[in-house]
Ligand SMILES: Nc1ncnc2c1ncn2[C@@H]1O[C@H](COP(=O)(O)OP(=O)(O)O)[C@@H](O)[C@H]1O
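One chain is shown next in structure tokens, namely the form predicted on its own.
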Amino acid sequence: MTGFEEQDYSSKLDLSIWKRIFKYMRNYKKYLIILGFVMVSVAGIDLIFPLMTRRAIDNFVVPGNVNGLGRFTIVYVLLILFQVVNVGLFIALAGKIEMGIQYDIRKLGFKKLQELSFTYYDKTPIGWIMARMTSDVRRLGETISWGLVDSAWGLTFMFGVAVVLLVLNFKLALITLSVVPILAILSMYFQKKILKAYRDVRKINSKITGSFNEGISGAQTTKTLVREEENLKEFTDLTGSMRYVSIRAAIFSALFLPIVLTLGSLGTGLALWFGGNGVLTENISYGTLVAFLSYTTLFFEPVREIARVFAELQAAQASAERVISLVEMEPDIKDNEGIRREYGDILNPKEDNWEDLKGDIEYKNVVFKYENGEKVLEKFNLKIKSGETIALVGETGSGKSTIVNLVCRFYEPSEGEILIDGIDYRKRSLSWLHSNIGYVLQSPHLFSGTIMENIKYGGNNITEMDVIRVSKLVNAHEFITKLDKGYDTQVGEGGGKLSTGQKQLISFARAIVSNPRIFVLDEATSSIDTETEKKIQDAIEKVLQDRTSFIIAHRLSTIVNSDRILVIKKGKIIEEGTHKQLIKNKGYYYDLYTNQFKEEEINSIS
């Protein structure tokens, strides 16, 4: 299980967070304005109904008079019909805003995920990212759209009721509204409690999402290690924690609303007591008392709605903070403004301004350490000529992948420079460099879709002829054409319908289809069978010609034809030369090669 802990945010309702969220609602400004007018109209008509009741009692019921009743009825029916139209409008508008906000924020989030550096994915579990883009965004959309509806109606209606009450009977209005300050104090108290509780809920929800993701993606490993019982226990502990914090959050919310109801009933009781005495002493009319009681009852309905919206805002603030933290996160590695103006960025490249990349590479006094302080390289120096094939060997953790990831600018040096064609690569754009890199990983990943689509994924404007050409080059065409649907064969999620060797050949074709100038093979033959390795080895000899190439090797038989072999230990080059030179020297590489050769001999005999 991951030990990643999410950032803690402010402990009170932060209006600045909501201002930043509302910034993403610009596309819906027109709908929001219309929705505001509609809700004011709804509140205004709701205010009229008790006055209509007052008129009916004082003019028709008490005196037993029916003159004007027909006209009164027509007006009443028209008000109802107008209100029906208003309700239909606000439901349609709020729904459009809700779905639109969710769509826009998810789109922005996905765009940001394309721009973020490797370091973000190193420290952030997939489950946490998924929770941000699904449940958190959904909660935001619901809270903003429907919360706006209820708030606009509630505030307008409360203000209108207060004005009408004060006009009807100033003294009685003050007595009835005396409970509002108490309600405000209690709201502030519950705000802190509810906000903290819902933050805990969202945190644990993300852990559960992450656990689901790990459980599904690692199902095969779980079964081979017979870890089902332990995994179930860990998951049960997580869901138990979720149940505890969810109940606590629900209790605070559940206590808050009944308190509002109680105070509202108290206000209505005060109105009934003092207003009833007023009717008995004939200081106010019976119709006025009925209207007053209606208004006092209705006054606390929007209070309850606003209290609910307030509680939902507090619950949703945790979601807002999490979404904002992703959407507004700055990549650790990015081009400066001048470079972006000249060369464009990853999503909007200006390819016409890009220089040709030849492939001369130089590491100059490069120091690299990870965020946790672990230093991998110290004053590392290396020159590579264009078209040269460099093999990197060494034990796990020696720094091989770091050396390659630095030249690909997946990370940047903590100190020193990396020059490409004699220029610090930070003076060129990321997209320029990445478009010139072909990378084949140890564990190939294919996307759901066809083989043709997966190979075309390797570049822009790739034709079917390009795909077939590179497939032949890497010896993949033969097995592809034997499949039922050939290049239109579905590979399944993660390429699950193909063997590891087949996936590797396809990923190899995908890496070279855009004709990159720098090519990387990261232990690409360590997890495939000998026959497929021979096919890839044959392809490597064709593909690497005239490209600057890095081969991180597990099977040393794949690097014997490299121009230079670097033996890396603790971030330093301890041996360097061709295969023949290093074998002749009988040093670390010689021991490594002969031991591996003996192991393969023993395995082939057995």
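Numbering starts at 1 and follows the sequence shown. Here the structure is a predicted model, which means the values were calculated and not measured.
Unshown form predicted in complex with this ligand; subsequent notes refer to it.
Comparing 168-176, 286-294, 368-376, 326-334 against this ligand in the model of the complex, the single stretch with non-hydrogen atoms within 4.5 angstroms of it is 368-376.
In the model of the complex, this ligand lies within 4.5 Å of some heavy atom of E395. Taking non-hydrogen atoms only, D122 approaches this ligand to within 4.5 angstroms in the model of the complex. When this ligand is considered in the model of the complex, G127 lies well away from it, no heavy atom lying within 4.5 Å. This ligand is not shown here, and in the model of the complex it never comes within 4.5 Å of any heavy atom of K207.
This chain appears without its partner; in the model of the complex, the one residue of R199, K400, R132, R510 with a heavy atom within 4.5 Å of this ligand is K400. When this ligand is considered in the model of the complex, only one residue from F252, Y425, Y411, Y487 comes within 4.5 Å through any heavy atom, namely Y411. Contact annotation for 58-88: no residue has a non-hydrogen atom within 4.5 angstroms of this ligand in the model of the complex.
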